[in-house]
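Next up: a single chain in structure tokens, the form predicted alone.
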């Protein structure tokens, strides 16, 4: 009998025996009440991985993205996204439907903004315009092509945006791939970003899961936004245990 490799996506990975056993034996509590020890452990690990103050577990990259925007912006504001980004193209218009923000799409070949064009589109508050309150990046990038964005460009975008008082969010669904390609620790690569996410269900073998990391204040608000989106679980440790097993070497 022939065996075939399924190369459609890194999302079709399966939990191995170690991961299944960890999920079965996970110590659990109640996530809404804040006492699930396995979820809390995974969140501490995620904050350390990215060098951020706090971290929140969600069920998917899309939930992390939408939770981040809800937590970092207000309705009627404007965010900048890549024209080929997942957030703009593959999240069922969630930015408009859920967060009530106006996406301003800019071309970003290879995931890199033209810095002059980016600066020109950082719009302040005026009577007829929606102010720009968030710049979004993506790494790896470009609708499943897996293009890596170097730290130098990330830092340039952050410096420009921060100079205008605008935070930067990194959709890092596959940020661990980018870090490996650049031979760089994730916390170094994302040091200047205000918030970053990573998917545990892409290449790491987890059936479900994503992490969102940022400041303690931002994550405190994100926890409430996650609840609104239906992410208030009870015994979430069953899922978090898979993420702990899947941790990369730099996370151990």
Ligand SMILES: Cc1ncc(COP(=O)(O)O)c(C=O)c1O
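Positions refer to the first chain, counted from 1. Bear in mind that the values here come from a model prediction, so they are computed numbers and not experimental data.
There is another form of the same protein, the form predicted together with the ligand; it is not shown, and what comes next is about it.
Taken together, the three residues 61, 171 and 199 all lie with some non-hydrogen atom within 4.5 angstroms of the ligand in the model of the complex.
Not displayed here, the ligand is approached by residue 86 to within 4.5 Å at the level of heavy atoms in the model of the complex.
Looking at residue 156, you'd find every heavy atom of it more than 4.5 angstroms from the ligand in the model of the complex.
None of the heavy atoms of residue 105 is located within 4.5 Å of the ligand in the model of the complex.
None of the heavy atoms of residue 67 is located within 4.5 Å of the ligand in the model of the complex. Checked against the ligand in the model of the complex, the residues 121, 78, 177, 142 give one hit for a heavy atom within 4.5 Å, which is 142. Partner proximity in the model of the complex, defined as non-hydrogen atoms within 4.5 angstroms of the ligand, places exactly one of 36-44, 182-190, 199-207, 49-57 at the interface: 199-207.
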